[in-house]
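For reference, the chain that follows is the form predicted on its own, supplied as structure tokens.
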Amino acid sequence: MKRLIAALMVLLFTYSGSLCLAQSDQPAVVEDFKPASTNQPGRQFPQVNSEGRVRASISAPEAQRVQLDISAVKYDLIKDKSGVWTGDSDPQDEGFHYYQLWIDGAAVPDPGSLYFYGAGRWGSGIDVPAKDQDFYALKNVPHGQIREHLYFSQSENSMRRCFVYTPPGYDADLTKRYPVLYLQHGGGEDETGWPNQGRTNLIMDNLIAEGKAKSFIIVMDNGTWRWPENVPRPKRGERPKGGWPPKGWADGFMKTLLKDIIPMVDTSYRTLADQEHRAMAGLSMGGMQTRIITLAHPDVFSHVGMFSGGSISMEDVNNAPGFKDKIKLVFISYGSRELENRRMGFGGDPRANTDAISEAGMNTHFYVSPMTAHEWQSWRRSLHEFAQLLFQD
């Protein structure tokens, strides 16, 4: 009996020592959490610490399980005696992230955060402070305006909305005219993406104040597309025939852009209404739309930007009459983690494609956002780089 007890004591000591060792291997969470800049006024949660961890907290006394869902990972929260659930995520990439809470199997927004449109719904978002966030910080510099513009679309027979950035001084000199960038959002987002998540106006205000970018107008419209009428819809669970996205998927927005949006902007704002002073860019889905539209209409746009949205190959250029001669700049960008994970969109290796058209004589720029993936910090940085190259003499 004594031998058995002694053996059990040895096992218990060994297990406890192993447990302590395992726990000591886990780095301690740095307790310097602060309320996120994207919180609703006065709300203390969610919070972010210097490691980039997100701490969520919500009162749900009758819930059985609560989780924080961010970057496609769910983290269990722990309930205290008062019914408040609290928990932390692993360190996140710098920049903006969509997230949600799961309460007993139901996905809900966090009542502590502001709401942003992404993933096809209004939901929670959080900004993890970035080392380079100064380029989109609110500063005491001259500021432009983000204008909400409602208009009627003849091609769609419906009312639409876009947001238009006009640079500092736009209303001071009524004789001056400006180039225009048409800037598109990604899938599951809408025309609010670039003004809200993208910090478009602050990026531009700061660049212009520093003398690093020309003053130009930016139009941010809704590029959400509907299934083409002439393409059969696949049944649930089936793969679309003919590849993805379906043939003609960008035709609807292309028609609206060319027939409605551009003429409306040229009529309503003091634009330089020619190909030389017109650019198009977009992120993810918006980059794919940019590719299709600019290849088809090099007579309309002179500068092309694709952020995490594929690339332009020599085959594309050879099949697009006038593209090589008329386009002044092709800008391609990705987050470094996208390239590491080979999430590069459609059309092959973007760096190789860009190098090839550069060797053929086109002006190109390939930008990689360090330590980010398919996310808004990659695209904020991309706009910051792209804007400095636009409409230069």
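Just count from 1 along the sequence shown to find any residue number. Only a predicted model underlies this, so the values are computations on that prediction, with no experimental measurement involved.
Below: the form predicted in complex with a further copy of the same chain, not depicted.
- Residue 58 belongs to the set of residues with a heavy atom inside 4.5 Å of a further copy of the same chain in the model of the complex.
- In the model of the complex, a further copy of the same chain stays beyond 4.5 Å of every heavy atom belonging to residue 80.
- Looking at residue 212, you'd find every heavy atom of it more than 4.5 angstroms from a further copy of the same chain in the model of the complex.
- Taking the partner from elsewhere, residue 138 is found to have a heavy atom lying within 4.5 Å of a further copy of the same chain in the model of the complex.
- Residue in contact with a further copy of the same chain in the model of the complex (any heavy atom within 4.5 Å), chosen from 356, 63, 368, 329: 63.
- Scanning 148, 134, 76, 238 against a further copy of the same chain in the model of the complex with a 4.5 Å heavy atom cut-off leaves one residue, 148.
- In summary, the region of this chain contacting a further copy of the same chain in the model of the complex, judged by heavy atoms within 4.5 Å and restricted to 89-97, 120-128, 178-186, 302-310, corresponds to 120-128.
- Interface residues of 99-120, taken as those with a heavy atom within 4.5 Å of a further copy of the same chain in the model of the complex (partner not displayed): 103, 104, 105, 106, 107, 108, 109, 111, 114, 115, 117, 120, in sequence order.
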